[in-house]
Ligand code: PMT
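Have a look below at one chain only, the form predicted alone, in structure tokens format.
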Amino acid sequence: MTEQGVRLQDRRIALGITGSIAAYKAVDLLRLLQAEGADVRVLMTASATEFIGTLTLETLSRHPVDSDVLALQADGRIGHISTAHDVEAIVVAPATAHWLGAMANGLASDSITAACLATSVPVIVAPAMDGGMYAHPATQANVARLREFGYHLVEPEFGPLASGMVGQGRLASLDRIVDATVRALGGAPAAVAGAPTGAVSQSGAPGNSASAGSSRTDLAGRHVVVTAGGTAEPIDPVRFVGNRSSGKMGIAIAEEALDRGAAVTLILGNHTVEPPAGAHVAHAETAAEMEAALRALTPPSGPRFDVLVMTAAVADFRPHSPSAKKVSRSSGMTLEMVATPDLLAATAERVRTSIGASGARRPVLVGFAAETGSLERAEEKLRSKGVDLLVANDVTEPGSGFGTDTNKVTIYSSDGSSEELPLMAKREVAEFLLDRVAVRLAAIVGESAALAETN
């Protein structure tokens, strides 16, 4: 977690548990939320009770568990309606493919979907299922629909699954889910019990509570992918061909996106600073590993992100035949190098192809270009890479090179405009850039709405 302490002191939270094998982790999630100061009550689907009993959860939460959508409370109130009005956030973890489909289509067949339909508070959803199920176009369409509702999606992780296979489907780490809950609540005041259903939050989207301490919630419910750091292409088990990238710029963008409410996946190469705890980090040491991570996020069914910002310094060349053993100094060394794929251009092309095939909403694509001496090649790179925005800097300028805490960039746009920024802290650069990304996202949503009206 990003910091120690009670970040949810006296906040009222509902924990929804659905019928996944990962349901057993909900007990630890409940305890972590309580350790942050939250008062937690539990909602369960009928299938979830097959994996974990209600007695354990009632004992730990000190509240009755609502597992029957038709049941009334002891005082005669409808359980899920009472919860919808009394809590300040609903966390659904784990969320199965079945539940995602039911929620995306408003089918209130269980206490969790019924409570979510009846509330206006933030909803945090952490899916868990087999990798093939999560990758299926139907599941991805349901995930996209929930993001449109303003729900905060905590993407599942890659790794071994209950089926014995390996893929993206493991329930996100519990710390990530807690951090996402903290961000979703921000500094918003407690909801008033009995508030009318259908209310709209400050951001104008249902289930998306704006922070009282910040007006920046323009990326809430969005999935932002950032590549950062440098790649290390092996010569032998000891040596590699690399570059001077520190990862600071990409990590600053990831931090800014998190602060603005986004779910963030950070594909991270070699780096010198720690990534933000709220991000899902996928380590990619080589260009090939970074390419594999990007391919997993851009399947034929459409991109699994709303924004892609590629700041990583990916090696342009790699040794043709790395040695399996350390090369002796006495034997000398001559390296034959081969070009690595252009990950930015290839990913942009794959995104365009998948959108054409699936009809998915197009994401915003941002590239970075490190130049030396001048930025005269930047506009051509913008066109050739096929991105919406290209951020270029001259790494030979003082304060603008690798490893610095500052940067001096020019932002080139696909509409033909450009904006030269003065030397500033990398976090400030991140803020300026994401301001422009947010405008692009709003325009895309407007285009989609206009198209839907004409069809």
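In this text, residue numbers run from 1 along the sequence as written. Since this is a predicted model, take the numbers as computed values, not measurements.
Unshown form predicted together with this ligand; subsequent notes refer to it.
The partner is absent here; in the model of the complex, the one residue of Leu185, Ala220, Val351, Ala313 having a heavy atom within 4.5 Å of this ligand is Ala313. For the options Ala114, Val364, Leu343, Leu171, the residue carrying a heavy atom within 4.5 angstroms of this ligand in the model of the complex is Leu343. Contact check for Gly37: no non-hydrogen atom falls within 4.5 Å of this ligand in the model of the complex. In the model of the complex, this ligand sits within 4.5 Å of a heavy atom of Glu371. By the criterion of a heavy atom within 4.5 Å, Gly401 is counted among the residues contacting this ligand in the model of the complex. The closest non-hydrogen atom of Val395 lies within 4.5 Å of this ligand in the model of the complex. Residues within 4.5 angstroms of this ligand in the model of the complex, judged by any non-hydrogen atom, belong to 315-323 and to none of the other stretches in 144-152, 278-286, 124-132, 315-323.
In the model of the complex, Lys426 is the single residue of 408-439 with at least one heavy atom within 4.5 Å of this ligand.
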